[in-house]
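Given next, in structure tokens, is a single chain: the form predicted alone.
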């Protein structure tokens, strides 16, 4: 048996695929989950809905595949937390989603420890990560049961075990990056020192078995979603990088066995643990990507993302967009920044605006790629890309032009579950390497830079000045 059920439990849905190392992806099932957005920055999910989506999507995929599975793998949201009863598995709180900002007061109280936290965890002190949300939950919702990330709860329902993987644990702010272990002092600072924390496991470890999808099956391949995509795209050596173009963009680069601390405010995490080694990655985010395209749709400038290439101009005619619709991340770190469009005249048409937005997205990714190169000590040589917006040739060409990097398009829409499946395959057969488990893939398209270096540098300089003006304006508002 070589078929593996790989489940990607995400923010807006759960995707389950059955993948066979000979036949490829043989079944796919998806279930929608709906976060609730509350006043004051709260974002919650119903834990029962998360579990039901995992079970339903998984069972549908297995049924469609019509063959036995050898393992179940699970990729998770990373920083979403809940309280639950360890005896019964019953949720004692809603799931507090990674986007939830209500723990800002917790982070403000710990500001004096910010540098020490960053040094030990590789992360910035921010409500995005799980420990502030765990502390907020304990302070405001319940002191009962255990409080963990959602992967621990889901795996407990599948296997009865109490575990999390190293990549997910490294997104918590209470995990020591160098020793790859929970840090008691950090936990104390977040008033979590008395909490029972799950055992940290490797991605290629069988953590238990489940009967949830038929016969008793090993569960392995636990990993956080963006790192799973890094695995799938074979970014297995130091200096290799991928960018996922979704609602936002996530650029991750493998830093090898060295937990490189970013000089630019990017975050450093465990990429994965496998074959007895801990590999690390550095990552940066662009907040507004597909959401910027939705803005174009809402204005009636495009009907859908599939229209972008048909409507885009070949030249922007001087129109410049900084699509900071939800603020700017590194290197500006200006959450209050707002978007700007400049350089318009009476000759400006919608196709110029569409290109300016796409170039603005590519320019932000380019800035992150440059910061990653600085942290690695050498520029990136090329960029692997996945996600829905890689279907836009105009965006991908703009990315290659502005970054002056070849962009390799990943040929599969399911990078995250495929990465988890590769780790599960290593768990089942420790004699194969992760590289063998991932297999070879060829890009569907390679976008080579068409702009000259001078033109790209001139654009980047002009665009960066506009972005800095946005960030400064946000500071003053």
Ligand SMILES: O=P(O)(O)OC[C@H](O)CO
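Note that the coordinates shown come from a computational prediction; the quantities given were computed from them, not determined experimentally. We call the rigid core the largest set of C-alpha positions that still match within 1.5 Å between the two forms. Residue numbers count along the first chain shown, from 1.
Quick note: we don't show the form predicted together with this ligand, though the next part is all about it.
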Interface stretch in the predicted complex with this ligand - options 137 to 145, 176 to 184, 273 to 281, 243 to 251, non-hydrogen atom within 4.5 Å = 243 to 251
Quick one: is residue 100 in contact with this ligand in the predicted complex, heavy atoms, 4.5 Å cut-off?
-> no
Using 4.5 Å between non-hydrogen atoms, is residue 233 touching this ligand in the predicted complex?
-> no
Proximity of residue 390 to this ligand in the predicted complex, heavy atoms at 4.5 Å | no
With heavy atoms only and a cut-off of 4.5 Å, decide whether residue 204 touches this ligand in the predicted complex.
-> no
Note: exactly one of 468, 462, 25, 11 sits with a heavy atom within 4.5 Å of this ligand in the predicted complex, namely 11
In the predicted complex, the residue from 367, 225, 151, 401 that sits within 4.5 Å of this ligand by heavy atoms | 225
Residues in 65 to 103 with any heavy atom within 4.5 Å of this ligand in the predicted complex = 77, 79, 98
Please check if residue 329 moves between the shown form and the other one, taking a CA shift of 2 Å or more relative to the superposed core as movement.
-> yes
By the 2 angstroms cut-off, has the C-alpha of residue 254 moved between the shown form and the other one once the rigid core is superposed?
-> no
Is it true that residue 265 shifts between the shown form and the other one by 2 Å or more at the Cα, once the core is aligned?
-> no
